[in-house]
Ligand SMILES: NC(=O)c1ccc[n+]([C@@H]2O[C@H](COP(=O)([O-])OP(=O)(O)OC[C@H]3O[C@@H](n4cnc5c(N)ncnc54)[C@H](O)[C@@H]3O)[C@@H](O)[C@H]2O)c1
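In the block that follows, a single chain appears as structure tokens, in the form predicted alone.
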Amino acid sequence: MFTEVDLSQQVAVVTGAGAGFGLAFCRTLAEHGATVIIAEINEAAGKRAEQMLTNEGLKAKFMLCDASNPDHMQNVARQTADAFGRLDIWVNNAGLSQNAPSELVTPAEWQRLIGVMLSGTFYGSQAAGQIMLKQGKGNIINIASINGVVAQAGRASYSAAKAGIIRLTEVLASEWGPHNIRANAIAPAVIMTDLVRGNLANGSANMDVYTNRSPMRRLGEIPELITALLFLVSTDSAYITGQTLRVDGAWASDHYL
């Protein structure tokens, strides 16, 4: 039997939280009582997200953060702990994407994607972990992707970063488990976001291609992704760590590529 998810008195940081998954995660965590830190590189988007959530009566604060910069991650973690006296949940969500033949990917493009997603996930986990180790508990959620499980042509840097996140999650869980710190990942397939809707509308994505890849013949929805996050931050998953929860409608199981 599932318990009610009560995050009151808890403090959560979500990177890349100005829009999309990150903003949805922040809203959900705040709706369940948490104070949320919107760690976002786009200042306008971050401030807009903060205003949106506070207008809804939720506890939210924007902090400027480039996930690929370890000093930024350290500053966000430290400022959060100093301001609120604790850091309970850290969600490494910041990401970007590229689709290009491997022979055409430039070193700068490679470094940018790896820097934000794989290095950024490590920097964020490290900054959060240093505080969580001192307080004797914590929960880290890393946003991977189904492309970290199965390969896709044209996505060398993205797939490499996401696969690295999955293994990094396992390492963190094994190291920090004795200190009551859990680390898990979520690996979604394509989820229907405003960005995906825009890509479908402008023709840069094709719904038939998406749905034919999925044994369930549809895309995932934001509430289905949020449910996975809530489970992993709840006491119902207290003995689950080092895992990657696939929210993919069996894309990977069907080896769609």
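Given the structure is predicted, the values throughout are model-derived calculations rather than measurements. Residue numbers here begin at 1 and follow the sequence given.
The same protein also has a form predicted in complex with the named molecule, omitted here; what follows describes it.
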_Within 4.5 Å, heavy atoms only, one stretch in 171 to 179, 74 to 82, 155 to 163, 122 to 130 touches the named molecule in the predicted bound form. Which?_
155 to 163
*Ok, 144, 91, 183, 87: which has a heavy atom sitting within 4.5 Å of the named molecule in the predicted bound form?*
144
*Wondering, does residue 95 line up within 4.5 Å of the named molecule in the predicted bound form on heavy atoms?*
yes
*Close approach of residue 214 to the named molecule in the predicted bound form, 4.5 Å, heavy atom*: no
*Considering only heavy atoms, tell me if residue 230 and the named molecule come within 4.5 Å of each other in the predicted bound form.*
no
*Closest heavy atom of residue 52 to the named molecule in the predicted bound form, within 4.5 Å or not?*
no
*Using a 4.5 Å cut-off on heavy atoms, what residues in 46 to 84 are near the named molecule in the predicted bound form?*
65, 66, 67, 68
